[in-house]
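Presented below, as structure tokens, is a lone chain in the form predicted on its own.
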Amino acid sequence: MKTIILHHPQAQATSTPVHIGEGMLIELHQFIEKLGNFDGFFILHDAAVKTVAKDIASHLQKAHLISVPSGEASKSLHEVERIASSLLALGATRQSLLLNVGGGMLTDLGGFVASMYMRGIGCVHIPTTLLGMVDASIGGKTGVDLGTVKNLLGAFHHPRAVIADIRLLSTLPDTQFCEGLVEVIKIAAMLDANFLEYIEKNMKKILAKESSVLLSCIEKAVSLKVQIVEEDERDQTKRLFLNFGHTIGHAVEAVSDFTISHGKAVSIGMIAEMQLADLKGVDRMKHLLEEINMPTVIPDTCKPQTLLRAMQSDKKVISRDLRIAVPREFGKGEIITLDEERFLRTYS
């Protein structure tokens, strides 16, 4: 027997600029020009932000629009196939650029399409929600759901750039804005106690969307996530910290048939996971989340056994152990094993 080893070529060093500011979409073509030459632009957008997508198209030549219905149901292989077929029919090639315009659902979906189409094309994320700006668009995670299992199918495919224009948040409904704040609070709680304190002290200004404070908040949250991704791109160690609230939260989403949105589910999950780990600071976290009108209690409609079955499909499961990310103290996260029996006793 002879064994021939194929040594994989060293991946070329790449980087993703994350542009954060106010009114940047007017200069979109300048950001795109810095990325290289493309033979066409394909703007994948959430149907709810069609006006924004049309405005973006007006600043680019050879731009085509592809609309996606709003809601979690669009994160499916069926939708991936439909979008890919549209790209093919419109003449998209490996030299084309996909611009993903929308919230976290859209950037997850669009990033996955970009990773698959012709074995990978470039994409740019233009998040239109706070959740998209601080979390979903950063770090190269893409994915779609399989049935009720969140993000089970996916790939790591970093965007060529992220353009976060806070003017897009001016018309964002308050509830969606606060769901994005849940992710900001999550990042602060796990990684930076001083940032968490800043959020608490400036919450009224953040909720009023005061530009200077909002920009500082987004910049800090993005900086923290970038540091984590650079250290652990593939979710092996420290990047798992960013899943605080998501093990139980994703289960709540699934069991509710996605009638409970992601931000609200994560808010519920954060409190439940802290309680199950007997951590200090639960009341402080609960107060902060309730201040932005987010729920903090698992609904009666989500039965413990059903939630547990949903959690057992979580990607963080190792040797059948459910793992959760929690702040042992604010600013210092860790990964622990969830006590399934205690979960059932607590919420039965």
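Just so it is clear, the model here is predicted, and its values are computed rather than measured. All residue numbers refer to positions in the sequence shown, first residue = 1.
The same protein also exists as the form predicted in complex with a small molecule; that form is not shown, yet it is the one meant from here on.
- When you look in the predicted bound form, the only residue of L106, A221, A251, L99 with a non-hydrogen atom within 4.5 Å of the small molecule is L106.
- Proximity to the small molecule in the predicted bound form, taken as heavy atoms within 4.5 Å, picks out 48 to 56 from the listed stretches 285 to 293, 300 to 308, 48 to 56, 29 to 37.
- For a residue to qualify, one of its non-hydrogen atoms must sit within 4.5 Å of the small molecule in the predicted bound form; none of T247, K264 and S348 qualifies.
- By the criterion of a heavy atom within 4.5 Å, Q312 is excluded from the residues contacting the small molecule in the predicted bound form.
- Although the partner is absent from this view, K238 stays clear of the small molecule in the predicted bound form, with no non-hydrogen atom inside 4.5 angstroms.
- Remark: K225 counts among the residues lining the small molecule in the predicted bound form, judged by a heavy atom distance of 4.5 Å or less.
- For T148, no non-hydrogen atom is located within 4.5 Å of the small molecule in the predicted bound form, even though that partner is not displayed.
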